[in-house]
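In structure tokens, one chain follows: the form predicted on its own.
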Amino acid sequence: MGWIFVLLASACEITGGIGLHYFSQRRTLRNGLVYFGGLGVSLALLYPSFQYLPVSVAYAVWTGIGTAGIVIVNMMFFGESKNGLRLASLTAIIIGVVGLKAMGS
């Protein structure tokens, strides 16, 4: 159950990151709701995961998935660079998240 909360929280964090992208370009109510709502719901979903998982693992996996997800979204949809060093760094994040999950279970 804890991992479900972490995954949902991560998806909301990515949504909040997308909202941040749009909100930084144009401050509208909709963009603000996506930004603040996404991050707010993300934190609200992360909190109950601590009942099932160690805080250090849940928090690290949440930030790792969120960071990797936002980088991927920005590469795919907002034209950010896809150079080799960025892809290697993204791979390192993913390996770290998988390692934390494997060691935390």
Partner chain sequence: MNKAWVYVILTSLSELVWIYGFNTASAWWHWMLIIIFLVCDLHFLAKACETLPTGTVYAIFAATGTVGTAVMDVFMFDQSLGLGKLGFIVLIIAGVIGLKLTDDKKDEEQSKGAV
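For clarity, a rigid core is taken as the largest C-alpha set superposing within 1.5 Å between two forms. All values reported here derive from a predicted model rather than from experimental measurement. Residue numbers count along the first chain shown, from 1.
From this point on, the text means the form predicted together with its partner chain, which you will not see here.
Not displayed here, its partner chain is approached by residue 67 to within 4.5 Å at the level of heavy atoms in the model of the complex. Within this chain, residue 7 is remote from the site of its partner chain in the model of the complex, having no heavy atom within 4.5 Å. The closest heavy atom approach of residue 1 to its partner chain in the model of the complex falls outside 4.5 Å.
The closest non-hydrogen atom of residue 52 lies beyond 4.5 Å of its partner chain in the model of the complex. The partner is not shown here, but in the model of the complex the stretch 3 to 33 reaches within 4.5 angstroms of its partner chain through a heavy atom at 13, 17, 20, 21, 23, 24, 25, 27. For residue 18, the Cα coordinates differ by under 2 angstroms between the shown form and the other one after the core has been superposed. Between residue 98 and residue 56, the C-alpha separation shrinks by 3 Å or more in the model of the complex, relative to the conformation displayed. The gap between the Cα atoms of residue 93 and residue 11 is larger in the model of the complex, by no less than 3 Å, than in this form.
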